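Single chain ahead, written as structure tokens, the form predicted on its own.
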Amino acid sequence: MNIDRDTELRRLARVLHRDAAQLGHLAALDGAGLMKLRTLIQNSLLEEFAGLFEKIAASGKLAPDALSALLCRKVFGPSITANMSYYVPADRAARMCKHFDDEFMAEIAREQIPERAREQLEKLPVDLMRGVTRQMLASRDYHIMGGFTDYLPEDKAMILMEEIADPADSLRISSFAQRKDRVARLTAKMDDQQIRSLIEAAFKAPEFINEVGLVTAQMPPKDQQRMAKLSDAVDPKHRATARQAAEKNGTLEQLQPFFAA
């Protein structure tokens, strides 16, 4: 996986509750180094108390799903529930989620480590995810949504994208997703009007221009050519601006089909 350093810096900053600009002392670390640091920090608490979380999860094996869910809501809270969830079979975790409201599920998601929640994302019904998506959009939890985008099954991601009304929100979420190739495949499945709206939003802010370039660079030539034509339809000047961004972020060679179209 090609690890984009700026994306990883944004994710680490959120984990540390800091602005990315405050992490200048980490300039020596590349994207892979920043990712390693982030995962070490995220996993430190879990690994220290792993035995306890595993015991709590095991203690509820014989209890009905509804009762276990009630204990999660009334006793454990979202933080312990999130850490315990990694030790609960994914099928059972999905059943328990049916007894949670959207707000509590969103609170759990904010405490989870996306890398460890992959099986749950595969088993959780997409209809239950819709409400969580709306909650996170309302609270502007783009960093959480971007992290989960790396592991969310793409068919579910396509459905949940229907909840995102503002194209700028899609770009904000993408800016926290490390798997730009997955975002590229999802973007390519959009219709022409959706992509035009995305391009219009992107060229209103420098960081968005860079994000669209990173995503487009992961597309095959045919999709890049489509992006170029749609970009020209919005404003022919956009490609010159995109070239400047590509020269700065090192994607110019990858974007040759886009610029040659």
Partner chain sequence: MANPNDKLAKLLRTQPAKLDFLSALSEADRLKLAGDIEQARQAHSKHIRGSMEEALNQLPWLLRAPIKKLFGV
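Everything quoted here is computed from the prediction, not taken from an experiment. Residue numbers count along the first chain shown, from 1.
Only in words, not in the display: the form predicted together with the partner chain, which the text now covers.
- Residues placing heavy atoms within 4.5 Å of the partner chain in the predicted bound form fall in a single listed stretch, namely 26-34, out of 226-234, 212-220, 26-34, 194-202.
- Remark: all three candidate residues (Leu16, Phe49 and Phe76) come within 4.5 Å of the partner chain in the predicted bound form, counting heavy atoms only.
- Proximity to the partner chain in the predicted bound form, taken as a non-hydrogen atom within 4.5 angstroms, holds for one residue of Ile164, Ala184, Ala168, Ile80, which is Ile80.
- In the predicted bound form, at least one heavy atom of Lys55 sits within 4.5 Å of a heavy atom of the partner chain.
- Although the partner is absent from this view, Leu45 contacts the partner chain in the predicted bound form, with a non-hydrogen atom inside 4.5 angstroms.
- Although the partner is absent here, Ala63 is not a contact residue: none of its heavy atoms lies within 4.5 angstroms of the partner chain in the predicted bound form.
- Taking non-hydrogen atoms only, Glu111 approaches the partner chain to within 4.5 angstroms in the predicted bound form.
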